[in-house]
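The chain below stands alone and is given as structure tokens, in the form predicted alone.
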Amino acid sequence: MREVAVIGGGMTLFRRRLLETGKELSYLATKMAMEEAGIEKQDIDMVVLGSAPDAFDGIHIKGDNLVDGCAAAGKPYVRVFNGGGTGVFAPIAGWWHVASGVADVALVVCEEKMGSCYPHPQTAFRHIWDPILDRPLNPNLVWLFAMEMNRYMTAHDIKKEDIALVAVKNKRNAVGHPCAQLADPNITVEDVLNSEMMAWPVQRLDISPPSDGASALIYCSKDKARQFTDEPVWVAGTGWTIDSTMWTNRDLYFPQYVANAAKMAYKMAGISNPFKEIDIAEPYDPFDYKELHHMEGLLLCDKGQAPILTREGVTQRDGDLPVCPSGGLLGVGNPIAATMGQKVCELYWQLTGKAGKRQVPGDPRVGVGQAWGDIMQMGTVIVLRK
């Protein structure tokens, strides 16, 4: 395989209901990434689009509709999607096209317009369930994740206050992010614990907001990277695995699918001690407990230890292992696939010193990003190194 560099990234505002269409959001993110990389449309060999349910945009086979906004017309093009996992799986797909030699320069665009789905984006998830075993229960994702959160808390005797610390950290981190939807410099643990109960033990401020937005990333082969940048960031490892759809048959206290994907990525990157060798982590945090859950799945600590690291300040931006210095989904927003902006673009910006007010101190050199999707079953992981 060829070595692959990241040479540019772009990201739109994340908001509840943006007036821009999906095409326009894709165009804006693409334009920013191309300008940062210093490339033109003719330099792009192929395009990968990541976007989750068609129901969000209200256009069946929406990947085809978004082509014009992604600089993809007339070029090899593919859309990938596996729910929330798309935000890291799309860049993995872009990577393998360059690593394999199919393309020298690949553009990855991730777009989502959750605000188009009325009365609420949860409406789109009514049809993801098994029609015989699950759908008669009239489930929704909030109560499903509430069960997982309860199992995680019970298995490790975790206090709700320790989980609320994640929401506080990430919403405060997002204050420095120009695209952030729910940044809050003054939020407290008490605010989280006093917010509306959604499905016990999940409260409103435990959850990331529905969002519209887009992000873009540009890959380049090693042979061409120096034509565009003096500070490339390299894709060191990738991993992705999926577990059974039958969530009832799994012990929800530990995300084994994330651990499997992480082991795959770490093996490729030559990482044997993730906690010691990784400088920045961007685990997927649509709920505050999921950051902790996914830290453990990423093997950044032992099972049940993530809340302790958080309480001790290890995961703060200036801690020994900064986690979600972007502000994550909880602070910046959660337009499903477009969270590539926090989980992969952010790593690129951090490792090149371009993160502005969000910049992690010191000289971070290795970062891991992760996303999670489908019915608690998809794990996608990427390791970047400078």
Partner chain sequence: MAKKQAMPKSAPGTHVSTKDIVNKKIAYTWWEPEVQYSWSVGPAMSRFLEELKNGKIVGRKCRKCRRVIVPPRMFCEHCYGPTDEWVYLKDTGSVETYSISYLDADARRIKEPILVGVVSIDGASPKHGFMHYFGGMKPEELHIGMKVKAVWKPKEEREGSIRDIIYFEPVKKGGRKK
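Source: prediction; values computed, not measured. Numbering follows the first chain given and starts at 1.
Below: the form predicted in complex with its partner chain, not depicted.
Judged against its partner chain in the model of the complex with a 4.5 angstroms heavy atom cut-off, the residues M11, P139 and C179 are in contact without exception.
In plain terms, the part of the chain that comes close to its partner chain in the model of the complex, with a heavy atom within 4.5 Å, is 349-357 out of 39-47, 66-74, 349-357, 315-323. Of the residues given (K303, R311, K224, H120), H120 alone sits with a heavy atom within 4.5 Å of its partner chain in the model of the complex. Of the candidates K159, K267, R126, K276, R126 is the one whose heavy atoms come within 4.5 Å of its partner chain in the model of the complex; the others do not.
In the model of the complex, its partner chain lies farther than 4.5 Å from every heavy atom of A99. Using a 4.5 angstroms threshold between heavy atoms, T188 stays clear of its partner chain in the model of the complex. Though the partner is left out of this view, V366 does not reach within 4.5 Å of its partner chain in the model of the complex, counting heavy atoms only. None of the heavy atoms of D374 is located within 4.5 Å of its partner chain in the model of the complex.
Residues of 49-73 that come within 4.5 Å of its partner chain in the model of the complex, judged by any heavy atom, do not exist; none qualify.
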